[in-house]
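Presented below, as structure tokens, is a lone chain in the form predicted alone.
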């Protein structure tokens, strides 16, 4: 892990961001800051705007209002530099179907301007138990193995920032735990993570702070401990804030 960059401000700074898709407002005056060395959780129901916000951080869309900075850089003009310094797991995206895991790791490192060596590739293949699939093309891999490969592509170049949109999807409990443990070590070594997830139990375990996003608006930003102190766990606090009643 490369540790923190020389930038001293927030790792992520989102200021009064609004984004519309036609008549649908995906983000409505959203502001938040993620500090270096923090594991920050972004939680909310489907359609809350989490993926739109994550995409804005890598310059994948144009905002209608507001400003976003990632490690002090503008995603609209510094997209390539941000990608080099970030590990990105988009929601429900898979590796190119015609590449093998071995080829995909080499491709990712080449795009990031890094060299790949066999020791590095073998470590990640062993971490995710993919040694026997290293020469299979991605379209023949299971959904879980493709997700492991996407995670590998985010971690392998040891970036100072991880942007993870539903990283635990399609992983069984064993690999959810392995990834969780890896993320905790990554944070201890100085990394920064923005984690978007529906798995509230893992968010409660992992996150220093969370933002609860609903219908494009931030309902609350606070430490995980503060949010759950009255309800006992993050799920109950989350359901109460979004107005769910059984």
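Bear in mind the structure is a predicted one, so any value in this text is a computation, not a measurement. Positions refer to the first chain, counted from 1.
Not pictured, yet referred to below: the form predicted together with ligand ADP.
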{"query": "Heavy atom of residue 48 within 4.5 Å of ligand ADP in the predicted bound form", "finding": "yes"}
{"query": "Non-hydrogen atom contact residue 24 with ligand ADP in the predicted bound form at 4.5 angstroms", "finding": "yes"}
{"query": "Ligand ADP contact in the predicted bound form: residue 52, any heavy atom under 4.5 Å", "finding": "yes"}
{"query": "Partner-facing stretch of 180-188, 201-209, 63-71, 38-46, counted where any non-hydrogen atom is within 4.5 angstroms of ligand ADP in the predicted bound form", "finding": "38-46"}
